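Consider the single chain below, provided in structure tokens and representing the form predicted on its own.
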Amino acid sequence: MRRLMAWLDDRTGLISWSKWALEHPVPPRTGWWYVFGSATFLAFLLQVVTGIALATAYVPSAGQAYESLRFISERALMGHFLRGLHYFGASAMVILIGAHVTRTYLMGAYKFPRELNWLSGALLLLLTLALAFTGQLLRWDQTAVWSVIVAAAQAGRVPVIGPELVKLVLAGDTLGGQTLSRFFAFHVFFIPALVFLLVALHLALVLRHGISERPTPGEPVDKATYRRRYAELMAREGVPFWPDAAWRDVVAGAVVVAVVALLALIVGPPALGNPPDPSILHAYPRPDWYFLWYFAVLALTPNHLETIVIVFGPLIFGAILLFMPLFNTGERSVKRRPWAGLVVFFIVFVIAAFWMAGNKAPWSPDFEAQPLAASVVGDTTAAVVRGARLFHDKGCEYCHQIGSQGGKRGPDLSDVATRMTPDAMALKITNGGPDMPPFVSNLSPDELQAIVAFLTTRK
């Protein structure tokens, strides 16, 4: 075996290079904050392995994708578990790369001489989000399809190149089988290939410049002296990556795999929704949780500001990521950069707030709304009781609240009789409005009269 390894190393140099890479010195006191990068890469490898396994049974065609996923989930050997691994592995990858970028920013590890480390990591963050987005469509259910339609509508808002971006997203003028094929190719081939290339570049840059040391207040980054001070620190206190520091990466990776496996086993993958039906025009898709906060931003943005948010929001985010390395000198410690901690807190707070709003989704109809209780209806007149029943049966209660029952998409009608006359109510119900369908073909004259009679009691 030694002779074989010696021959292999003589011909390739891989063993010597691997030994050098594993034994390269790292700063002391790196601690658990430095495990997020390797844990993210392990989560990506888990996605590759489970993705290959799922691809052996998945059929990326509009007519068979949904049924092939049902087969994987219900009848294929370990298919349900594999789908769970892939779904929760994606969630782990998004969380871990977010934590890695946050740690890098707070510790000022993007400063000289590691500017390209940050840029390659920023591109990996964007590719991770692209993997998550393209993977959602592959479920090919109603929610996944409408999420892509929403994304295409956003792309269409971009000035000048909007129509071309829509064609790029949909692989044509309309969503169909060609869209699924394009998303499958990007999700399975193109984006993972770019991730592997950028990971290789990222690791090469880490080996070249070394892992950033824990920042010390009062020791700013100076281009003239930093390399010398770092080399002296490594010579004085540096420890080999393997095994002195790598054991934490191993433990963190094992925890990530164990948590993902447990969630896949206990919770399982997201349930498939209904098959895509283009005849359903009023759909309310909910993207996967990591995009839910952005979905809430779009849903809550006033109409006159939508284009500004859709176009400039991603541009500002991308510009911040790409131009961060320009501020590559000065203090690295967050104690001397308190605004850095405030920035992270603000971003986390905003994402959490919008995520909670997206989870409640007040802009979506509440299809689980129960018929109004007798105590809420109050009046026992036959016409009023019938109108209250029709208010639920015709779907009015899905969007409108009365006495804290019902949806929040439309105005609260608990006191509508103090704002509108019976004639105005009838006209509004019949003709609808910008966010309300007309009910002229859904209600008979006596049904309309009963609903109006009920609403006139709401004071």
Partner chain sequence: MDPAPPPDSPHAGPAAPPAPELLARRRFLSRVSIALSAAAAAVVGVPVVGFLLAPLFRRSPQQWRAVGAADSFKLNETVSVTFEDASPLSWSGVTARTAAWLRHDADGFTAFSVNCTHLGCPVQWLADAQLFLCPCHGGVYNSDGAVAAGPPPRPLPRYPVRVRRGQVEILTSPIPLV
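Please read all numbers here as calculations on a predicted model, not as lab measurements. Residue numbers count along the first chain shown, from 1.
Form predicted together with the partner chain: not shown, discussed below.
Just one of 229, 286, 103, 80 comes within 4.5 Å of the partner chain in the predicted complex, counting any heavy atom, and that one is 286.
For the residues 236, 223, 75, 208, the 4.5 Å heavy atom test against the partner chain in the predicted complex is passed only by 208.
Remark: all three candidate residues (156, 174 and 295) come within 4.5 Å of the partner chain in the predicted complex, counting heavy atoms only. When contacts are judged by a 4.5 Å heavy atom cut-off, residue 188 does not count as touching the partner chain in the predicted complex. The partner chain in the predicted complex is not approached by residue 248, whose heavy atoms all lie more than 4.5 angstroms from it.
Residue contact check for residue 328: none of its heavy atoms lie within 4.5 Å of the partner chain in the predicted complex.
Within 4.5 Å of some heavy atom of the partner chain in the predicted complex lies at least one heavy atom of residue 395. The stretch that touches the partner chain in the predicted complex, counting heavy atoms within 4.5 Å, is 306-314, out of 238-246, 306-314, 120-128, 377-385. Within 4.5 angstroms of the partner chain in the predicted complex, the stretch 424-438 places a non-hydrogen atom from each of 433, 434, 435, 436, 437, 438, taken in sequence order.
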